[in-house]
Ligand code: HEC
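There is one chain below, alone, in structure tokens, taken in the form predicted alone.
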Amino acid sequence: MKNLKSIFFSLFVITFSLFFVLIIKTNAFSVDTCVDCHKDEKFRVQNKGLFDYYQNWKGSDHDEAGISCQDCHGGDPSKEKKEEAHAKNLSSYNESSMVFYKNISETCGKCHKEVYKYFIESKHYKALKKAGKGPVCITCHGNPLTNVYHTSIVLSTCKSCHNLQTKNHPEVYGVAENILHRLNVCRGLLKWTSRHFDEINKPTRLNKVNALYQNISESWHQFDFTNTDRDSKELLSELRAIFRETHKWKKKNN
């Protein structure tokens, strides 16, 4: 009986030890001192900009994708001391920093490879590398909310350079605005179509329009609006045809 109790006790100790080690390892791998520190409410008063920056990141696309502070800013999230955690976190004014203005497109491009591929072919990128001026990812998408293209963003970004006063291709603004309005309509039709078109069992056609929309969203960053304007018109025409066809089919079968 004593031997049996001894065996049970030994098994309990071993099981508890393994469980304890597992907890320690899990916590070790999940620690993120960047987030733990920067989410502190004290920054609301001490550094409002830093506080808002964390609040904007929390729940954003980057947060949901597991992209944390060190992925863009550098630093070591496993270190508890500020000096050690910030050791590789270079100021945005440092030309070697990943978030130095001229380096931002490369930093974003580590994940957004297709978008980056198009952007480096654009005149904007060439001007950025040559003169250090021109829009980069955060100019339109914000930081770190990753906003999509809204007409308001066009008004505040494109038009600030492309207008009658600067005489810097003022026609670009109008073309860009028309394309974005068209894509907004396409986005709405795509959501409706994705929910209903599969009932007709034509996935190949639906896959085609989704691929075209994705391609336009990525190739937009080359800012060759001749191709983008043509492709967005083609996409809208096809989506309208699908909408009419699906609506007619649903009316007939319901």
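As the structure is a computational prediction, the values presented were derived from the model and not from experiment. In this text, rigid core is short for the largest set of C-alphas that superpose within 1.5 Å between two forms. One-based numbering along the sequence shown.
Although it is not shown, the form predicted in complex with the named molecule is what the next lines describe.
Distance criterion of 4.5 Å from any heavy atom to the named molecule in the predicted complex singles out Cys69 from the list Leu206, Leu189, Cys69, Leu212. Within this chain, Asn163 is remote from the site of the named molecule in the predicted complex, having no heavy atom within 4.5 Å. Using a 4.5 angstroms threshold between heavy atoms, Thr193 stays clear of the named molecule in the predicted complex. Taking non-hydrogen atoms only, Lys110 approaches the named molecule to within 4.5 angstroms in the predicted complex. In the predicted complex, at least one heavy atom of Lys82 sits within 4.5 Å of the named molecule. In sequence order, Ala85, His86, Asn89, Leu90, Ser91, Ser92, Val99, Ile104, Ser105, Thr107, Cys108, Lys110, Cys111, His112 are the residues of 85-113 having a heavy atom within 4.5 Å of the named molecule in the predicted complex; the partner itself is omitted from this view. In this overlay on the rigid core, Asp63 has a C-alpha that sits less than 2 Å away from its partner position between this form and the one not shown. Here Thr107 does not count as shifted, since its C-alpha moves by less than 2 Å between this form and the one not shown after the core is aligned. Core-superposed comparison between this form and the one not shown: the C-alpha position of Cys158 differs by no less than 2 Å. Between the C-alpha atoms of Gly59 and Asn89, a gap widened by no less than 3 Å is obtained in the predicted complex, as opposed to the form on display.
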